[in-house]
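Provided below as structure tokens are two forms of one protein chain, presented individually as structure 1 and structure 2.
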Structure 1
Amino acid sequence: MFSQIFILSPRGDTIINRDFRSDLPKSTPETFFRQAKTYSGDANPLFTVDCIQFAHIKRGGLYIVGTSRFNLQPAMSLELLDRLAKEIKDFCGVINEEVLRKNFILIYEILDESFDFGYPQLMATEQIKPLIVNDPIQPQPDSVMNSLRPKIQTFNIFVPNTIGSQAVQRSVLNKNQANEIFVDIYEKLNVLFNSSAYVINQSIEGCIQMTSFLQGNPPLKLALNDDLQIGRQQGQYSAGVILDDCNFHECVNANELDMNKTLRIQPPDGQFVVMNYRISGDYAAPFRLFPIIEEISSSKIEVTIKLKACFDAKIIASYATIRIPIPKQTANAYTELVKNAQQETAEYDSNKKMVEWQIKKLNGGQERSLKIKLTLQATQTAHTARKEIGPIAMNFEIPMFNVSRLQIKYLRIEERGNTTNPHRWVRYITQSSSYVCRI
């Protein structure tokens, strides 16, 4: 497994460097950084230099790197680094250079409990919590340095823009914490339409994620829809929620899932994904796009895009962004929104040859439309240029809505006689993953 684990700043300074096996040269972090910088974009997560295998992930601008000279398991290695990042985040609240520099002793402690001789040992926050003696040092919030730094992205897979959560930036070591638990149901949608708004391919990737601050980590019982079914038979149609496949965190006992649709959970501290699931069947796509392309003349094209929100009027989608690539030979493009359009913008980026249409808020049932008038350069005719339009890609987020209808019926603490009822926060969020319409 790993020979070393080191964490480098965006400029390549070593913040943490733990050598487990002493079988690699001392200059390995430099070797890594030099190689990582040769990539034009983000470096390949796995590469080999001089028979040293490097696996790395990037979190909060920092490189978290594991090295080895063996035939390591890349999936496991990347997962390990990700877990390590999660642990650090659980302890420190956030991951960024300043926090890591302040807490480097704590991080060495975490590393030593998590790995022995480079082999993973205990990697669950609540297991190593009793073994850690250092307290986290929070960065001063109003320090000048802090405000100068760019806003740092948290490592979480799902970062909703809509609903902020108190759970996100808190340390599990915070002693006087509230007795509460956050449950999020995230769904990411993949939809591919053809030009007549007919769905070619669609799937949902979802997960149930918890962030637990429950005191004493009591066992929980989570109940899902009664009509839940796991595994799809060929050609079967059912009114219920059918998951093609799902998998669970190791703290979850799913033996009763088939029978009672319940999961028994021994929640660890901090953030964890209770269950991942995948649905490939038909579902009603929340948005439909209707593109119309007209050749006005040999050098002019008009593109009209209608967008329809096909969900309940009470639900509001936010941050919908639609990107329309237009021909490279475009000389000019004018965008035209409906009159009195509110919280809506459409811009043409002449460098990228792309029109970006943003809608801040969109209620269910509403329709919007955009007209783009293109003037082409003389070198290309409208007839050939129209093929270069599209595909249209859409990004959005719909809070308090999920497409699969998977629901949490209840979440209970299993122990009887537990008087203090913890706060339970349940959120549903639907996001686009790849939402594309071909023209």
Structure 2
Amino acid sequence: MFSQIFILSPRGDTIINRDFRSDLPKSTPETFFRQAKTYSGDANPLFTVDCIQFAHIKRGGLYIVGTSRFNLQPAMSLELLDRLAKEIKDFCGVINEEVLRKNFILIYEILDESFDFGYPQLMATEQIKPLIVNDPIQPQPDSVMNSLRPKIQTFNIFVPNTIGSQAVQRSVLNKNQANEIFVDIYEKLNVLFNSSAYVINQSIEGCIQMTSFLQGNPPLKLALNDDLQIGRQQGQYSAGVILDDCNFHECVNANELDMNKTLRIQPPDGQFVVMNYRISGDYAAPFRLFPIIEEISSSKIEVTIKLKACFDAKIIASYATIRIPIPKQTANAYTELVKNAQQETAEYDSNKKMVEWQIKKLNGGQERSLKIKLTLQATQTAHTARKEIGPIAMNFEIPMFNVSRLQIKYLRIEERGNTTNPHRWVRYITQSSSYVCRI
């Protein structure tokens, strides 16, 4: 399996380096970082340099990398690195450079319990927790908040840019932790529109994720919508919530789901995904894009993009980014927002031939518009250049909102004689995965 596992800072400094087999040169981390920096954006998750295979993920701005002389199985390699990152996060509370440097002894202990000679052994927090001796060193509050502060960036699936909950700041080894549990319903949307803003194809990929800090890990009972159905028949229409398919964590008993719409859970420590689900039916897309292209002259084109938020006015979308590819033969591009536009910017990147429109906050029911004035080079006409415009891609996040209408009715402790009343926190977060409008 892995010959080495190391963690690098954004500058390429080695924070953690566990060499399991001593069959690779010591300069392997430097080789990885040099190759990763050759990519214009994020590096490919797997690549090969000098007969060394690299698999990596990025968490908290840090590179978590596994290497091998032999062929790595892509899905398994990335899954193992992701599980390692979750274990570190469960023990340390948050993943950033300062936390890892302060807890490097604990990190090495986690690595040694999780892997043996590079092969995975115990890859769950509840499995290795009894074997861990060192306690985590908690960072200063300011450093935690800086690492959680939202930024405008490419959105990863189920990585919210809303204000971080207390769950991601706590360690599973915190002796004075509160008796509480966090439940997050994440949904990512795949939508394809035509130029008239009609939906061509759409689907939802979602999950129910828990972060448990319950004392004694008592059994739980989670109730979902009464109108929930599992499995969609061809041509079936229902006003309820229909999941095309779903799967569950090993700690979940779903025997009562069809009859009572409930799940019985024996929660492990830390963070875990209760259920993954997929929905392919029709649903109300939260945003509509209306593109209009006008040929002003043989060398000038005017593109108008109208954006409408189709959800309740009490809901606020955050960090929406719309990217509009423009013709390669564009000599100049001028962007124009509506007068007195607030918390939004539009910039033209001449190298990428891309206009990026960013909106920090957008209330439901609001409409925004952007006008792009293109001047073409003499070698191309407006009639042929307009075919190179688009498709428009949009990234966004909407806190406390979910399209599928899947709801948590209640979450109860099933342990008899348990009189505690733990805090229960529930969040709904909707994100874009592939939100595209053709022109």
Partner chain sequence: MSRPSASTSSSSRSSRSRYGKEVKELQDALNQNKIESKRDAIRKIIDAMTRGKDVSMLFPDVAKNMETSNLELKKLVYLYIINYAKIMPDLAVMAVNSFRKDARDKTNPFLRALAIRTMGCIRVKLITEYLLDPLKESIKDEDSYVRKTAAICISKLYDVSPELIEEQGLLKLLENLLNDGNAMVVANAVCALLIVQESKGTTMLQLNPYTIQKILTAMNECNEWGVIYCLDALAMYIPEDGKEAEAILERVSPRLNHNNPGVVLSACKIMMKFLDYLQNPETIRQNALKMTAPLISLLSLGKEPEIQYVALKNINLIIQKRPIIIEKDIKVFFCNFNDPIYIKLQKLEVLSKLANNDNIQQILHELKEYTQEVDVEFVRKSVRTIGRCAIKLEKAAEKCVTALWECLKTKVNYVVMESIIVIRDIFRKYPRKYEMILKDLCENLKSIEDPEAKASMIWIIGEYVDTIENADSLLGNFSENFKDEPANVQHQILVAVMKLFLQRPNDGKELIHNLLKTATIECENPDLRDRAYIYWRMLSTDPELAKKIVFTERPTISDSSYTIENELLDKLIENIGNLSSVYTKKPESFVKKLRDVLNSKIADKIDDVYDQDQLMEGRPEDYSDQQGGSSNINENNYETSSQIQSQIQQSQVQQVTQKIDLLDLDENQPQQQQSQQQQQQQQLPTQQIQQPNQFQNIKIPFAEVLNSNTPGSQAQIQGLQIEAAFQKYGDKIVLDLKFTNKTQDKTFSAFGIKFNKNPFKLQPDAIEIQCQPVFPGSTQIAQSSINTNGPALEEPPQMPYKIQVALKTNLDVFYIFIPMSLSVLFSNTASITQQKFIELSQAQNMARKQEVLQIQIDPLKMKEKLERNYFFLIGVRKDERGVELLSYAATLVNGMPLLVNVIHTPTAINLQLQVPHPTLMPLLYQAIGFILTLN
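Worth saying up front: this structure is predicted, and the values here are computed from it rather than measured. Here, rigid core means the biggest group of C-alpha atoms that superpose within 1.5 Å across both forms. Throughout, residue numbering runs from 1 along the sequence of structure 1.
Looking at the condition given, the form predicted together with the partner chain, one finds it describes the source of structure 1 alone. Annotation: Cα of Asp269 displaced by less than 2 Å between the two structures, core superposition. Asn402 shows a C-alpha shift below 2 Å between the two structures [criterion: core-superposed Cα displacement of 2 Å]. The two forms, fitted on the rigid core, differ between the two structures by 2 Å or more at the CA of Ala55. Core-based alignment between the two structures gives a C-alpha movement of 11.2 Å at Ser27. With the core fitted, the CA of Arg83 sits 2.6 Å away from its counterpart between the two structures.
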